[in-house]
Structures are given as structure tokens and as C-alpha cells.
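First, one chain by itself: the form predicted alone, in C-alpha cells.
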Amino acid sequence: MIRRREGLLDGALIVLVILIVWQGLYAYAGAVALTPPWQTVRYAIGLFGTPSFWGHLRGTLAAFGWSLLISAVLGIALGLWLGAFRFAGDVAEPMLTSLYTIPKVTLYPVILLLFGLGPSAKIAFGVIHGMIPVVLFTLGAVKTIRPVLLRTARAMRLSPMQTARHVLVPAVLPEIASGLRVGFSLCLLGVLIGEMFASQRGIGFLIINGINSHNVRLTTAVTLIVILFAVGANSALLMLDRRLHHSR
């Protein structure tokens, strides 16, 4: 209980500092750069009452959901396969790490040529952002399984299904959860960037359209909505990640 109260107090102080800095930046830069906190919150709440905003929000959530699902399924499957074959994993891991460091924006023309304009390009751009961390975390989890666990399973004559259920899954699940948490944030980033470059629908399109039309209220409010969603979802995933690591 004491730790929870301390955590709430720390969170309240962080929010207070952010609001003070935000208000200070507004006082320095003026309305041409951003809007003050409470005005931004009111405008953001008002956006949820407009049908057009819900259309953009549904487009982003649909593309994000598909990109996250594809990244999770392909990333976990590829990570497990590379981890099971040690030589393939040793060869692929530095290649994936190098590929992960490449700015993905440079690949966007290729994505457009392959998938064209529309939701498929946004999904693909989200996948190339989010899948590699899932692969690397899953691969690392399989490679670091203690051999004594597998020897114990064989000594107890567990079936492959029992070994997977009672040994492999508990051993790799916490690291997979960590990879999914990182992939979540990067998939969202990829989809938003895709909407900014070549889309007429979505939250990313609203942000870039607000910038191009000098609509500071719209840009600041939509950015705030994205930040609150990302922070809230990432905090929930972080709690799950810590619980899984603790239970292991």
C-alpha cells in the first residue's frame, strides 16, 4: 500500500512538472506553436464528439491492430524457429540487429511500390517497425533457456507437449512479453508515420494535415491523444511484463 501511494505521488508530480513546462513553453512560443494545456484538453474532448474524428481513429486502430497481430505471430514464430536451430540463430541475429538500426523511412518508397496507397501500406510499414524486436526478444529467450531444465524434463520423461507447457512456455513467455511491449510502441509509430506520408485517413494524417494547414489546436490535441494512448497502453504492458518476470 505504501509503495502504491508513493507511485501515485510520483506520477502526480511528473504530470504537474509536464503541465508547468508545457505552460511555460506556451508562454514563450505563443499560440503559433502550441496551445495551452487546458485548452488542448477541451479541444481533444470535443474531437471525440465529431464523426469525422472517429472515422480517422477507426482507420488508425484497424491498421495498428493488424500490424501488431502480424508482427506478434510472425515474430514469435520466426524467433522460436531461429532459437531452436542454434546455427541459424547465430547467423540471423546480427543481420536482424543491423536491419533494426536502419531508418525505416528510407524503405517507404519500396513499401509504396509493393503495396500501393491505402491501409495495406500502413500495415506493412507498421510490421517492419514492430516485428524485428519481437523476433530478437524471442530468439534471445530460447537461446538462454537453462539446459538443466531440458535435462530435468527428459529425466522426468515428459512428453514434448508437457515439456513445452511446463518448461518452455514459462521460460520464454516473460521475454516474449517484453518484445511485444517494444513491438507495440514501434508498430504504432510505423502506422502513424505511414499515415503521414501517404494517406488521406488516420490519426497520422490529422497530425500532418494540421501542420500543413497551420491548425495548431488540431495538431496539439491529436498529439496529446496519441501520447496518452501510448503511455497508458505501455504502462499496462509494463505491469504485465514485470509480473511475468516476477512469477518466473
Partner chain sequence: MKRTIVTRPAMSRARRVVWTRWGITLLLVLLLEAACRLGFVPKLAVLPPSEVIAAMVALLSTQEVLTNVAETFSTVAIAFTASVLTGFVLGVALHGAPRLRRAIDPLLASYYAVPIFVFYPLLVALLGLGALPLMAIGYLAAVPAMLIATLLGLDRVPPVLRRVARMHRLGRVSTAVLVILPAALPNLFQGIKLSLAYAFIGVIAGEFILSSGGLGYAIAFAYDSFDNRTMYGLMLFVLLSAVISNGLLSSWESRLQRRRGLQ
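All figures in this text were calculated on a predicted structure; none of them were measured in a lab. Positions refer to the first chain, counted from 1.
Keep in mind that the form predicted together with its partner chain is missing from the display, and what follows is about it.
Proximity to its partner chain in the predicted complex, defined as a heavy atom within 4.5 Å, holds among Leu74, Met156, Val110, Ile145 only for Val110. Checking Ala84, Ile102, Val169, Leu149 for any heavy atom within 4.5 Å of its partner chain in the predicted complex turns up a single hit: Ile102. Although the partner is absent here, His56 sits far enough away that none of its heavy atoms falls within 4.5 Å of its partner chain in the predicted complex.
Within 4.5 Å of any heavy atom of its partner chain in the predicted complex lies no heavy atom of Leu16. Residue contact with its partner chain in the predicted complex: Leu192 places a heavy atom within 4.5 Å of it.
Contact between Val91 and its partner chain in the predicted complex is found at the 4.5 Å heavy atom cutoff. Within 4.5 Å of its partner chain in the predicted complex, a heavy atom is found for all three of Leu25, Ser98 and Val231. Taking its partner chain as positioned in the predicted complex, the residues of 19-33 that bring a heavy atom within 4.5 Å of it are, in sequence order, Leu25, Tyr28, Ala29, Val32, Ala33.
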